[in-house]
Structure formats: C-alpha cells, structure tokens
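The data below hold one chain only, encoded as structure tokens and taken in the form predicted alone.
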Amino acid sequence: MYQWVSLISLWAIPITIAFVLLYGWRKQVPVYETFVDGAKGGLTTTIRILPHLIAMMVAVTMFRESGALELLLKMIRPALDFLHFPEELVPLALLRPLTGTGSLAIATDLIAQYGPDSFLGRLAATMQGSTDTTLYVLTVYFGAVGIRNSSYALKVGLWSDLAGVIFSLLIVTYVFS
C-alpha cells in the first residue's frame, strides 16, 4: 500500500499539469494568455479581500494569544483519551478551519519535532491536506462577493473538516501502521 501511495504522490502533479496543457492545446485555448488573464483577476481579487483577510488574521491571533486554545484543550482532554486521538494534533484540528497559516505552522512544528515519517508527522500532513480553512473561506471570499447568509455553507464546511480529521486518522492508521 505504501508503494502505491508513494507512486501516486510522485506523479500526480506532473501528470495534472501535462493534462491541463495538452487539453488546452487540443481545444485550441491560448494557455499562456489565459493564465496571465487569470493572474490579473487574482490580483484584483486579492486587493478586494484584503480587509476581510486582516480581520480574520487579528481574530485568530487573539484566539491563540488569549489562552483560549489552551483552555479548550484542557476541557476536551478526557474525550481525546477515550477516542485515542493524539493530543498533539488537537491544535491543528481546531485551528485548521480558522487559519491556513497558523495550522501550517503547527503542522510544520509537529513534523520538525516528530519527523516526517513518524505517525504524528504523517497524520499532521494528511490532516493539513484533508481539511480546509472553512471560516477563512467564508469570511474572506463570501465577504468579498457580498454573501451574508452563509449558515448552510458553515455547517457543511465544518462537517467536512470533521470528516477530514476522522478519515485522516483512520487512513493514516490503516496505511502506515
């Protein structure tokens, strides 16, 4: 199983890039010009979402620095022990829906501390890739286009994040144990 995962991860991105280029060429799409137009649009979007981004970054920093994260960890420790969920990964699971940068910093620290081929390193990397920054997406992108009622998207996003955490644990345990 490990060899298949390694082979897929080695070739997934080059094959995807080649497929996109060949598909664009076959459909006679000016690939480079389309890319440049998309980059221009991306820059415009970046400027439009900057205020929402700053607000989200301030909120996340306040959550971490206020000690609220540590208090929450103390409260849920019995449930973690019951579920055999590694306590080291709770900050990653909790912060991932809030912030990509903050959760990436936590994942990087875990990988540096335990090693990339350790159970915790692999689980951190899998969780980082299997979940999304739900609240960030809702705040920044929905705010940028003026969507105010995002309650259904919030529910679906948080349930998806929970599923990503659960299945990351199950799959990493199955593949690498």
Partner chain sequence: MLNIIWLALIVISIVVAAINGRMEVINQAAFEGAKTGVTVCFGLLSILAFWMGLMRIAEKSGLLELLARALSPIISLLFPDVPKGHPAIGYILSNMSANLLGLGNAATPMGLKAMEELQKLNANKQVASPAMCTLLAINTASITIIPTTMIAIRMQYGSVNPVEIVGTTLLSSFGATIVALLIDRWYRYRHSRRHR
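Note that the structure is predicted; figures quoted are calculated from it, not measured. Positions refer to the first chain, counted from 1. Just so we're on the same page, rigid core means the largest C-alpha set that superposes within 1.5 Å between forms.
A second form of this protein, the form predicted together with its partner chain, is not displayed here; the remarks below concern that form.
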4.5 angstroms heavy atom contact with its partner chain in the predicted complex for L71: yes
Partner proximity in the predicted complex: I76 to its partner chain, non-hydrogen atom cutoff 4.5 Å: no
L104: touches its partner chain in the predicted complex, heavy atom cutoff 4.5 angstroms: yes
Residues within 4.5 Å of its partner chain in the predicted complex, restricted to 142 to 177 and counted by heavy atom: F142, A144, V145, G146, I147, R148, N149, S150, S151, Y152, A153, L154, K155, V156, G157, W159, S160, D161, A163, G164, F167, S168, I171, V172, V175, F176
W159 C-alpha shift between the shown form and the other one of 2 Å or more, rigid core reference: no
After fitting the core, V36 CA displacement of 2 Å or more between the shown form and the other one: yes
After fitting the core, S66 CA displacement of 2 Å or more between the shown form and the other one: no
